[in-house]
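In structure tokens, the next block holds one chain alone, the form predicted on its own.
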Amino acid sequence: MALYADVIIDTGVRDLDRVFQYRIPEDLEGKIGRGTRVRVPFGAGNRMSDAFVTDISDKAGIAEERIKDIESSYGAPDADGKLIELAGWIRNEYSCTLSQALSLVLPVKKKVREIMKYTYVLEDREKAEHLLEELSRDRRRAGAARFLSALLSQGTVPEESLKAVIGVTAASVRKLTETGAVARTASRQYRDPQIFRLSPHAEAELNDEQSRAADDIWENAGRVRENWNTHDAVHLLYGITGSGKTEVYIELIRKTLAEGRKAIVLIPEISLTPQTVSRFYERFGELIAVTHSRLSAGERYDQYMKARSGEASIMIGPRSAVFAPFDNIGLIIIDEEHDGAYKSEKTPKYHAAEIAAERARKGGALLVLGSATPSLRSYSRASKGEYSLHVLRKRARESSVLPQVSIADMRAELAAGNRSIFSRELYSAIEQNLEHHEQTMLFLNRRGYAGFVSCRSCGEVIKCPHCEVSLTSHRGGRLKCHYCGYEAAMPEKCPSCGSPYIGRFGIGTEKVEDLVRKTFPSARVLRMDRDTTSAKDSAGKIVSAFASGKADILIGTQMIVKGHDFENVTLVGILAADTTLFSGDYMSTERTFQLLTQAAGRAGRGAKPGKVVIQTYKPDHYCIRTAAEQDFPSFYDKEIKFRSLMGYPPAGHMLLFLLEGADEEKVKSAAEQAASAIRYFQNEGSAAGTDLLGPSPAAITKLKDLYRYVLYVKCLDEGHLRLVRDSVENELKNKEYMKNIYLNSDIDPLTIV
């Protein structure tokens, strides 16, 4: 009986986003299942194309003579039916093709050679003992006798030890299996990523706050299986830095496994948080599978199969781990849920928290979002009662308290003649730390794209008069807003105080390292940034070296403030706190508060008290003040008022259209046509209640030889924006002016594009 496969061609072309049927050849029967990647002849020219199998049937949907044969299979593992359904949900939710969605939920592209371990086991002791007597009398069979003797005393003998330890060949031993006394067994060996083996921690006993949070969350577990709703199922765990959120996670995972269900743990960048992952390994060992971008193809395949086979019950990784091949999920945890790494910058532009909520809803599972600095989006929902809120107000270690935080006004430093990157207070504190053999972290708060323009005398920042975000400095002396396209010339003097000390703001980590080595020549210095962590396991090695006391000062960007716990760090210096505060997008203040609070939380996590120095040109800004006080509720109250006034998320919503193409004039023209379509829908009523910003050149105007233009649409109703998105995309598709133009959309983008 012939078998047929429904396939989706692996392409981003929307016109081909539909099912095609192919015949499964006899030699591929049993090797192809739902989710398998295959090669098929496609189109009139039978061009070989990759495709995903979405279903298998014994009935032909079209005339038999029109059905082509599948050429070959990559042998990737079959997918759970729920993952195929999830891909369909992603296609509708994020306006992408089904093949793009399937590429997400099926991260393993092809089968990789499996590693097998062979072991000899005792099958019949009486036969083996009798056989050993015979072999002992034959000097030519001394090796086989040694093998049987070892097997009788140990019960098992690994095949790899035969020649090296016992001195006998595998061929000689295999003859013994024919006697029935010995059996040769095979077991699958999984490649070990070997990056999460740090110094052990004693299993922590939960304090009252942690126990209460774990119990209150788990109280809903049974209820959400029967009637899933966001209030009972989605929990925001807001705990100050060092409050022990990981211990709460571990307790919830323990309860989940005890009920025979599985857990997913998402961490922003797994290779940068080896200490956190190590805690899970110490508690759950081989029940854990991990995934992240720096694994080899073999390691990634093995970890996937370990989860799919049921040998692992916990999947840990970055946002892609949300697609773990589990069929009985009871718990999904998103640690540091505020982190922007959970939002994909490629199509489909999904957010891991939204995918997690959908998987939790379909599986009747709990979803826990944890952070010391929750995203405004999550905290807003918790404040409205949509999510359940749990608060940890004190540090888990009894001897540990929040550090003392001071704000260094860099305007005053300049006025006093100090032009170095170190305030006098920070310089003195570093010297004192070196004398006391305590460690220091210097966090350089910066982002990768162009900087803003600021006055070093009064702290004034040049802003867009329409969008209330800072203008971004570009070559040629122009300042631009990347929302509405407003431009202005670079001023020669500060428009507020007239000072000539005005210019682009920013400094790099290498420059900081050079200055630290010159200023403190006796200090042992490590630097942790994208350059020093590009090699596999390099981040873990730097963290391990610093944790073991092999350096006095650790310099780094955002990656050094993510989940690290160093007991001897008593000083954190935050250089250039303003860099992200005025980075040119609506989330800059929220992002800065999160980074400053997280950075400050690295100090004083052991028995010694901690100190933090925040260097800024805006010491009175509410973001700086509330971060210094570790006061998230006060920050939220002030920031949400600004968002409400300007209609920015989460008070309102934004829709981004990004157009890219090789011809700049055609891209610009297409962007103007898109804007015309939006204005038309505004007049017709289907886009009524929206505000259009742009079109304007993107923040990165050219990327990989493609010119880029953006439009933003603001609206209070997210559902209405989805209608606008679909209407505009339908209006533009197949238009002549859109030929060779790529159109992408994103609702509530986290950064300017």
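In this text, residue numbers run from 1 along the sequence as written. This structure is a prediction, so every number in the text was calculated from the model and none was measured.
If you look for the form predicted together with ligand ADP, you will not find it shown, but the lines that follow are about it.
Asker: In the predicted bound form, do 246, 279 and 397 all reach within 4.5 Å of ligand ADP through at least one heavy atom apiece?
Answerer: Per the other structure, all of 246, 279 and 397 touch ligand ADP.
Asker: Pick from 605, 618, 527, 591: which residue has any heavy atom within 4.5 angstroms of ligand ADP in the predicted bound form?
Answerer: Selected option: 605.
Asker: Let me know the one among 462, 206, 640, 405 whose heavy atoms come within 4.5 Å of ligand ADP in the predicted bound form, would you?
Answerer: Filtering the options by heavy-atom distance leaves 206.
Asker: Against ligand ADP in the predicted bound form, would residue 565 count as a contact residue? Criterion: heavy atoms within 4.5 Å.
Answerer: Contact with ligand ADP, yes.
Asker: Are any of the heavy atoms in residue 317 no more than 4.5 Å from a heavy atom of ligand ADP in the predicted bound form?
Answerer: Residue 317 lies outside the contact set for ligand ADP.
Asker: Heavy atoms within 4.5 Å of ligand ADP in the predicted bound form: does residue 240 have any?
Answerer: Heavy-atom contact with ligand ADP at 4.5 Å: present for residue 240.
Asker: Looking at the partner-bound form in the predicted bound form, is residue 210 within 4.5 Å of ligand ADP by any heavy atom?
Answerer: Because a heavy atom of residue 210 falls inside 4.5 Å of ligand ADP in the predicted bound form, the answer is yes.
Asker: Can you check 539-547, 374-382, 300-308, 246-254 and let me know which stretch has heavy atoms within 4.5 Å of ligand ADP in the predicted bound form?
Answerer: This holds for exactly one stretch, 246-254.
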